Ligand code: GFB
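Starting off, we have a lone chain in the form predicted on its own, written out as structure tokens.
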Amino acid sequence: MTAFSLQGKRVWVAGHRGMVGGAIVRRLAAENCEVLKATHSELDLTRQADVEGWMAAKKPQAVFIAAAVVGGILANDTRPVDFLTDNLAIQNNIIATAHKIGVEKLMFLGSSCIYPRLAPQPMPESALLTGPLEPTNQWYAIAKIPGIMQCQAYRRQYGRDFISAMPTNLYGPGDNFDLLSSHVLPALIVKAHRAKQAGDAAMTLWGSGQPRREFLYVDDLADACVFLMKTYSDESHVNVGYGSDVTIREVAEIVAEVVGFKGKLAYDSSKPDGMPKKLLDSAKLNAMGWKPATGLKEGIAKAYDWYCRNAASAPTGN
């Protein structure tokens, strides 16, 4: 298999202002390529004509699709139309136009929530579409699955080198720290920080604390994405995980230690837990020679440092 070189190429990172897109841009700095970017005010990705016009003018040779409407359990539950319709439009417009203008290589980024609620653990790529989804994030999952299939379809019918990667739960610089729409780890950082600042005796967390989750530092994901873009070319999507999981209680204890919150951790079991366990089987990627470099505590410390410097004073949800 011939390696794909990014050197000297025009590379579009769709969603460069998001956590994942920002990390990919940072990683591409070492690849000697021209990084193309477009803000939402410059380009509405849900409008097909706009996407076609922009891509035809900029002529990207490689594309990372990191643009998406994302959020945690609460956001998925209260904004199902946004999670379903906007994500379908974004990925369809970019993938279809990439074919139309002859993009050399494209990577679609999905999410581990595409797998069934009761998928075998760890979840292999083959578990896709083998059972019912987790209801708390089904809208996002239902939107992401067609993106994988679309890349496969263009590869099969037109020979396009379009690939897909499925990351596990991500965290790090540029994360969403708004409690009304954030994922569990940034939410824990905000809650611990506020509890420490207020001198609270306890911090209450959603759910039982028993579900198990895998967390990958976002710059490690970006490294894996560039690795796959350069070395992988096949129909199957590729899982990108850390390789081990922890309970929500355990990650909350690490966050409290990093933040310096000395109080107790309490759990509101009336709130939903989500999937009981979500660990990716990353054996396929590991066998290609890629492994993550950032440990969980080290990564949380980096994420907390970024939060303190960039987001701690910003207004967030309650």
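Being a predicted model, the structure only gives us computed values, none of them experimental. From 1 onward, residues are counted along the sequence shown.
In what follows, reference is made to the form predicted together with the named molecule, a form of this protein that is not presented.
Peer 1: The named molecule isn't shown here, but in the predicted complex which of Ala153, Ala127, Ile142, Leu205 has a heavy atom within 4.5 Å of it?
Peer 2: Spelling it out, the residue with a heavy atom inside the cut-off is Leu205.
Peer 1: Give me the residue from Ala195, Val246, Leu84, Ile73 that has a heavy atom within 4.5 Å of the named molecule in the predicted complex.
Peer 2: Looking at Ala195, Val246, Leu84, Ile73 one by one, just Ile73 meets the 4.5 Å heavy-atom criterion.
Peer 1: Answer yes if any heavy atom of Pro272 is within 4.5 Å of a heavy atom of the named molecule in the predicted complex; otherwise answer no.
Peer 2: Close contact exists here: in the predicted complex, Pro272 approaches the named molecule to within 4.5 Å, heavy atoms only.
Peer 1: Hey, in the predicted complex, does Asn169 get a heavy atom within 4.5 angstroms of the named molecule?
Peer 2: Yes, Asn169 is a contact residue.
Peer 1: Can you check whether Asn137 is within 4.5 Å of the named molecule in the predicted complex, heavy atom basis?
Peer 2: Contact check for Asn137: yes, within 4.5 Å of the named molecule in the predicted complex.
Peer 1: Heavy atom to heavy atom, is Ser111 within 4.5 Å of the named molecule in the predicted complex?
Peer 2: It does: once the named molecule is placed as it appears in the predicted complex, Ser111 has a heavy atom within 4.5 Å of it.
Peer 1: Tell me whether Gly15, His99 and Arg160, taken together, all sit within 4.5 Å of the named molecule in the predicted complex, counting heavy atoms only.
Peer 2: No: none of Gly15, His99 and Arg160 comes within 4.5 Å of the named molecule in the predicted complex.
Peer 1: Work out which of the listed stretches, 181-189, 224-232, 145-153, 116-124, brings a heavy atom within 4.5 angstroms of the named molecule in the predicted complex.
Peer 2: Within 4.5 Å of the partner lies stretch 181-189.
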